[in-house]
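Same protein, same chain, two forms; see structure 1 and structure 2 below, as structure tokens.
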Structure 1
């Protein structure tokens, strides 16, 4: 038995509509119940009568009236009213509202955990592809969103009770990797590189030089010929091209050696992997994102599966040859003319091949019902191709039950600098993630020191980490994923408006008031937990109604893979709480009953804020 007004009202409307229209009621007709947009229209509104009227060919207000004649909500609501073209407005009775809030005031905060097999919220296995670092490269802003958004989506699904498997799709295989591995191995063999003290920065340096070394400057050579730039320039370029060809050939040997599992190459390669990943995990810890070794599945782990996948596709006629390459046509499924290439004409595999293998493993081995890719929007076409090809190949068939796994590209836009160009350093380099995080923490620490000088230094530093990192993550999560956004420390750390620190501060105010209740009034959590709720002031009512939205917001943010919905909600909740906090004295309330009631509202608000922030991967400090 629920006290959730939305659930109750939905049921009652369903009954009323059936009673009013019987067999004439169209399939899927709904009351379209939602919280009112404006308090003057009551607490909830049902918009379904108007759509229903169209389908029944009757005047909307008449339909609304017919529903009302069969609607029985007198136990929880005042007399419903028809307004405008056919809205039905519902105002809850005070007792119903406090009962609903009291019901929600539980450890689960009103979110029914997913369960199997036949519950309303079926437990699913959700694979989240996130982070996506590359071997021998430092993390930079480009990894920020893949990590922050992916982690938030994983947390949201965990919160709903799903089985979540994170997959850090580590770019540790292929020709570019062979280039750097070969270069470093040669350096070690020649005694110019000490394998003991290699850092990621070193690796990145070698990665770049290896890339450059293997890239013949054919355009330069062509220019020399075109403009007759003289024998010296020509000789230099010819030498460069010859050198590049040799380096490339050497790298290809390296690739073959790696593919064959050659011990001397593998040792170097493993060390490069280790150094890269340790740096990655360190950054993720600093970012307070849950990405670990167990969650890391490098592209190399698919290497034995690639020939299998290709052979499977070829033998079953899913793939076909075209211009020497092996492709899967997807135009029939998607209307997209560009096919999915899974093998090059030289026999090499492509990243689509690896992604096909990954889908196969994730659905068949990991048992995914849903695979979510937190990856840059520029990969949009690639994923459409791979998803379609995987579907065509039958790789999305669920291992449990009927149907197919859902493959979802949670695409995100670019992080821009203040100049509206992709965020880079002045010299045009990628901004290192660790630098970015350090600066956020430093700026937050300065602000905390100004605002709250009494905070002990050790705690101040911890708070700065929560606030600085929270600010970055919230800025990333709070607007629609697909859009680009401008990275601005000033805006995200002003602590005003829709920012992480604003939410953290609202939560801190709750903590503060509860501490004070305990220390100065000897009121304990247990006294508050069962206190009767008195909801009379407009600010109390607004806060109560806002609190009730929480479970459905978490669900919708997870289902749509849109964390910004939760952000927007938490901001509204924090705003409602701040208004309540200003307008309604809590500890100085007029009566003990009111004091406890307001403490309970505050406590619940604090827990929802904390829980919501946790779903976003943002810490909620005790003080700030």
Structure 2
């Protein structure tokens, strides 16, 4: 990994403080290192001696001096100085920053790819559970975060060199699925439904209709009896209940037929799956999220494994019977009194059963070292129970070497409307994802046309797709994922502030500078790549220090499953570049040497912005 002076200095200060104060060093003591606000005081200032002195009951300058006596930074900095009541000023050696940036200026941008177990960064197999669509339903705004966050986490781990396996957990099995499959099959058999004309919107209509037909209104019938509402009302409710019970019985027959692999039912079910998934993949392509058929694992694929899991848990005493149901007690592992329910008293399986089978497959067959679930926070208790039960069952034991796979719930909050309520249409329906994306592109095209009216129409539309989709994704990813956030087209599509278009435009600005360098000064990018770096001005130093943080930020965002860390970094980098560009003339620099050096800094900034946006799944257009 590239030597980041900030990281090096923090490590050296930590070592010096431990050496100076030993066991007396309070927990959490820090150097409080930050870039100097005034260049005359050096490049960095460590302010931790004051707070530490108070906790130790010693004079601040005495504490600062004790730290300096053990501080070794001679390889990258001049002799540190104590100023004022106990500040420690650090000035980097003239060539230290330039050398570090030059080292980072490589195809890998300072990110050391994960390698064999002996490497500092061990290569892992990372399984990412994302998207999670359901059969016969259109994707809506509720699928946005699971897809966007999951794809970003997969991309971050891929960027680090890990083997990443995406898993689109497709809800395609169970009684509700049998309801809609049976209803559509009956329609096909009766000649009222043409399977070739079915759309995902049709499937959703039939899904809702089938569920309604299979729902007996027993409460209504009870109310008729209780309040003596008369024979007409009783007859109507009795007819409804009888019809619903017959429809439900028919659906249960369909479920048995599906479970038995009946060809006539399976043909209809496969057609419904195909239509649903094609719509899903179409939305994901538009969203620029890598979710494919190969990455899709339907709940149906686990159906033969569920009896195996239940038998295994029961035979080894991991699960026990309770009132006819089968449970795994997890209080000893988690403190949670509610056990994990594996099989219902009627013999039926649950989501937990499928998730247990999924963990077993992902660790034992796919070889996962880490399994990340991009699923909303409302499923928190469920995953705590399932993770604990899987650990108790031994399903998390690594197939390579010792240890256990990490199971991580990358929980996220809700997308809210501007009324701070869950984002819905005016009629109270979920907002369809396809409609949301189309509107984002249309609004972005209008904004791009106003900003650059000379763009050809075809290019403008491509740029609008990049900007509109990028704006939606960045607004989602830049929020701390556990928090709810308010969806606002006006805010997310602005070209100013912490938005996707602002970062895309910063990258476009770099590309424009490099084109001008070639067209007006005959400076090729190959010439820029070999130019010596001269980093002297405060804005040059600030930009260089920001660039050097990139490898550690990518690793931190991947390790913590927090894409907003990378978003915040990219915004800081773009802001630092803007300050650099304003204060330090690039193409009009005072000398050829300085021009080439600043072009190299600009070029590296553009590459980091592009690489970072790619880690988030956001396109970086050439022009806007």
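A quick note: this is a predicted structure, and the numbers were derived from the prediction, not measured. Numbering follows the first chain given and starts at 1. For clarity, a rigid core is taken as the largest C-alpha set superposing within 1.5 Å between two forms.
Legend: structure 2 corresponds to the form predicted on its own, while structure 1 does not.
Domain assignment between the two structures: residue 320 and residue 40 are placed in opposite rigid parts, by better superposition fit of each C-alpha. Of the two rigid parts, the smaller turns 29 degrees against the larger between the two structures, judged by C-alpha superposition. Per-residue C-alpha deviation between the two structures, core superposed: residue 84, 8.4 Å.
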